[in-house]
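In structure tokens, the next block holds one chain alone, the form predicted on its own.
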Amino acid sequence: MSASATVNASYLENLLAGQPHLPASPLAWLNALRAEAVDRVGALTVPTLRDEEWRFTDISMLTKMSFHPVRTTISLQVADIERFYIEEATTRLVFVDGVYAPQLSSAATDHGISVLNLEAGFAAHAAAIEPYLGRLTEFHNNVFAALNTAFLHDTALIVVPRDISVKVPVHLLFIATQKDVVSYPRCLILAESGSAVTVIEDYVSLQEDAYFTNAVTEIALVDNARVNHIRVQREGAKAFHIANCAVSVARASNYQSVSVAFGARISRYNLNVKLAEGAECAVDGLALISGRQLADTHTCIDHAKPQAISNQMHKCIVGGSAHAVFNGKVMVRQDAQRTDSKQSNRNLLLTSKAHVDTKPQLEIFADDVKCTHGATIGQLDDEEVFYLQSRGLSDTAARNMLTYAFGAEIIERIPISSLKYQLEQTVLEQTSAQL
């Protein structure tokens, strides 16, 4: 075995430490799933720049740091975290370093809607969740998804029954409190036929030392369901954040997603959406980074059946010596006639040292389709700056306003007023600091 392979194996073994001591599940298939994931971790390696899907994203810094699964949890009070609460969300699940915190949560089973930790949902929902949990996110060739699945225990579970529309958003809050810890947040959202729900998946930190969040989210929409998924990553400045999200959108269903990334030293978000006949999705994203941050977003929208519609807008605002990556693939399979797909990636560089790598992709195997894509990289328009200056604004104020407006276009698509206000303030503060 080469020296690099030995280091890789040792690193993964360290991340797996503690996995054999997880409590056994009452479900035999879940125990088998975990065991299979452990085997896959042993067969896989941490990706490097030599891997095509990672050629712009150097995570070697991650492998040089020692992280261990949480050993003891820190006891938090509501007063410690209430600043992260979202006014409209009366139902909330809180996880501290990946461990469910019932004392901080407000789980619900009102009107048949289940919002609870997986362990509490076994009895009522085992049969419903088995086809989806650990099945939507492919982990056989993804070492980070395999690691998360190996530790599958505490999981945010949302089950919305047939024809039930949830009027208020559900908040899934993941809080990092300890340095040198790796956590494995997990979410499963099941929207049954004709149902509708809005879910906020929120990652925050109470400390600024290095830690590692390795998250997996699986979302299944049955026929005619609607899910509005807002994902906010505002981790600590030294954190590492790697996440995989897989979405299955059944016939005539609608998936709306807004993903916002502000935090972490290095972050990577993989989003895979599979569309059935007549399904629709809108996938929007914003990365706002500075300093030496790296934010990578990889998306794949798979038009598997006819007459599906997808729209994607992803924006990056990059300051300092930061590096943003966007790789957006749209696949139209042979049977997916009358597909309508639009993709756009727009990137704003605030300094001469800021860097963006973008790779929009179309793979079309059908002949009756409407597909467009495009990408731009540039700085603020001098004419727009001059126009605002002619109206009395200073150069700094003009640039700040234009930068804010560039990012706020994505934030505006979030249908939750208090969260939208929080994020708009963050965009305003961070853009002001960089100009």
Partner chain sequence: MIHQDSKVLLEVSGLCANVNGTEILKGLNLTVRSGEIHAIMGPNGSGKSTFSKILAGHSAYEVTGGTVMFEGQDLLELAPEERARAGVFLAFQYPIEIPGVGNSQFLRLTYNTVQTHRGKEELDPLEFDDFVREKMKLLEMSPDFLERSVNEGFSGGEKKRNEILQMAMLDPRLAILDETDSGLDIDALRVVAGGVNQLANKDNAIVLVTHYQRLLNYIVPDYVHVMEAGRIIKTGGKELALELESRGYDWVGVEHKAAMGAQA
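Note that the coordinates shown come from a computational prediction; the quantities given were computed from them, not determined experimentally. Numbering follows the first chain given and starts at 1.
Below, we refer to the form predicted together with its partner chain, which is not included among the displayed structures.
J.: 23-31, 363-371, 63-71, 377-385: which one contacts its partner chain in the predicted bound form at 4.5 Å, heavy atom to heavy atom?
T.: This holds for exactly one stretch, 377-385.
J.: Taking 4.5 angstroms as the cut-off for heavy atoms, does Val41 touch its partner chain in the predicted bound form?
T.: Close contact is absent here: in the predicted bound form, Val41 is far from its partner chain, nothing within 4.5 Å, heavy atoms only.
J.: Counting only non-hydrogen atoms and a 4.5 angstroms cut-off, does Thr48 reach its partner chain in the predicted bound form?
T.: No, no contact at 4.5 Å.
J.: So, Ile59 and its partner chain: in the predicted bound form, are they within 4.5 Å at any heavy atom pair?
T.: No - in the predicted bound form, heavy atoms of Ile59 and its partner chain never come within 4.5 Å of each other.
J.: Counting only non-hydrogen atoms and a 4.5 angstroms cut-off, does Trp54 reach its partner chain in the predicted bound form?
T.: No.
J.: Between 394-413 and its partner chain in the predicted bound form, list the residues on our side with a heavy atom within 4.5 Å.
T.: Residues within 4.5 Å: Ser394, Asp395, Met401, Leu402, Tyr404, Ala405, Ala408, Glu409, Glu412.
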